[in-house]
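Taking the form predicted alone, here's one chain by itself in structure tokens.
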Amino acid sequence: MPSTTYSFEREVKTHKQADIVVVGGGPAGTAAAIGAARRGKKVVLLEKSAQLGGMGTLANVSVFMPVGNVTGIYREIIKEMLAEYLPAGHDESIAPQYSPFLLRQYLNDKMKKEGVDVFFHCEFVGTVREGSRIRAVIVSTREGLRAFEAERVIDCTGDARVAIDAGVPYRTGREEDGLTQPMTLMFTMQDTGKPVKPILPEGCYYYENVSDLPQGRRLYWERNGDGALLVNMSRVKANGADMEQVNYAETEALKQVFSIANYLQRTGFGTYAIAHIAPQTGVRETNQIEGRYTLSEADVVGGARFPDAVAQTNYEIDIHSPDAQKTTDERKVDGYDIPYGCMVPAASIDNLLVAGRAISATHVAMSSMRVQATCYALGQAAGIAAAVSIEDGVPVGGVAIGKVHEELKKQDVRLLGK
């Protein structure tokens, strides 16, 4: 490996100033932007791709996992885009399959209505720190490097990219060896109503039996009566935050997709053809920050409750084997709180919050809190907390949680038992 390192210095002009800059436009990022904007703050949302929605659109993970509640911004999405699935109460569970294309359009429209300033094709490069604060974030754009200044920054990159660059301690994967849950490339097949000739491109695999499949199981959804089959059956051992491993995963996962489709066409889905393959392989787990509190397996299993709760879920412990074995550790849980302290870095950075799957959590706990609906909840709370911290002139770690809870309630969030 080359050992040369370079010092790269460049003057970067500021493109925009805002009260709050949110980096990453996935579920946590979009919800954080909305939550802050509804508090009257000027919000900029920076997204590295051409679309909002994170894994739900970019990776076609187009089914919301059941989390035991439908509340806040997540509830709005269901009400406005998937009204037929909207439950009467906030304390119910749904698992709707949706169109990633419609969600992409919905989120674009939602941001305009909420007054959020979205910038696409803005890949995070680094932070500019002044003492215990982040003064600006630097992104790579179509016009080169640009700076965005803010009073508060919310890291919703999924990989804790902003936090790590700013010096926040972190860890990767499971505690004993750093291995992360494997990656999966999602795809859809469409019922054509007539027999389809199976295709198996050169270099792909011939799967004869269920035991040959990458996950050793058949896992798919066909819930909307429109002949669209959403398939989650590939599995690649790789860390989604490691460039060499991602290079391998993207090519290996695509081979598996064609191989799985061929298998399905031979085993019950003879009239189905591939309709869409996600443009990138989905990532379940990469980095977790060290926060003021770390959500643990005991918290998840024991149904922990916290006075600074900002999100709740009963989604199961769901660990796809980090060794890429054909096993999945699935354990039912009854429901638990996720405290605000999981989003506040333990390091002394006064104006940074982290929301989404990169919050402070152990490997096992993260496997339960990582799904989209919970990330929407965490993001909404982070956006509100950042806004409150500006108003009160306090660091994000010093926010009065009572004020956050009041605003969450105004934004139609229901925390059960609170």
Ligand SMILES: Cc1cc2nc3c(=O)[nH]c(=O)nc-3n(C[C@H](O)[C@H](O)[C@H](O)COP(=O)(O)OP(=O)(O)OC[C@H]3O[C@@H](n4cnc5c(N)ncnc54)[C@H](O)[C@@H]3O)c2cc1C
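Note that residue numbering follows the sequence shown and begins at 1. Only a predicted model underlies this, so the values are computations on that prediction, with no experimental measurement involved.
The form predicted in complex with this ligand exists for this protein as well; it is not shown, and the discussion that follows is about that form.
Trainee: Let me know the one among 72, 345, 282, 339 whose heavy atoms come within 4.5 Å of this ligand in the model of the complex, would you?
Mentor: None of the others qualify; the residue that does is 282.
Trainee: Name the residue from 258, 207, 124, 170 that puts a heavy atom within 4.5 Å of this ligand in the model of the complex.
Mentor: Only one listed residue qualifies here, and that residue is 124.
Trainee: How about residue 35: is it within 4.5 Å of this ligand in the model of the complex, going by heavy atoms?
Mentor: Heavy-atom contact with this ligand at 4.5 Å: absent for residue 35.
Trainee: In the model of the complex, does residue 390 come within 4.5 Å of this ligand, counting heavy atoms only?
Mentor: Residue-level check for residue 390: no, no contact with this ligand.
Trainee: Any of the heavy atoms of residue 399 lying within 4.5 Å of this ligand in the model of the complex?
Mentor: No, residue 399 sits far enough from this ligand in the model of the complex that none of its heavy atoms falls within 4.5 Å.
Trainee: Please check if residue 28 has a heavy atom lying within 4.5 Å of any heavy atom of this ligand in the model of the complex.
Mentor: The answer is yes: residue 28 has a heavy atom within 4.5 Å of this ligand.
Trainee: Sort through 296-304, 243-251, 82-90, 182-190 and report the only stretch with a non-hydrogen atom within 4.5 Å of this ligand in the model of the complex.
Mentor: Heavy-atom contact with the partner occurs in 182-190.
Trainee: Could you run down 217-243 and flag each residue that has a heavy atom within 4.5 Å of this ligand in the model of the complex?
Mentor: Residue within 4.5 Å: 232 only.
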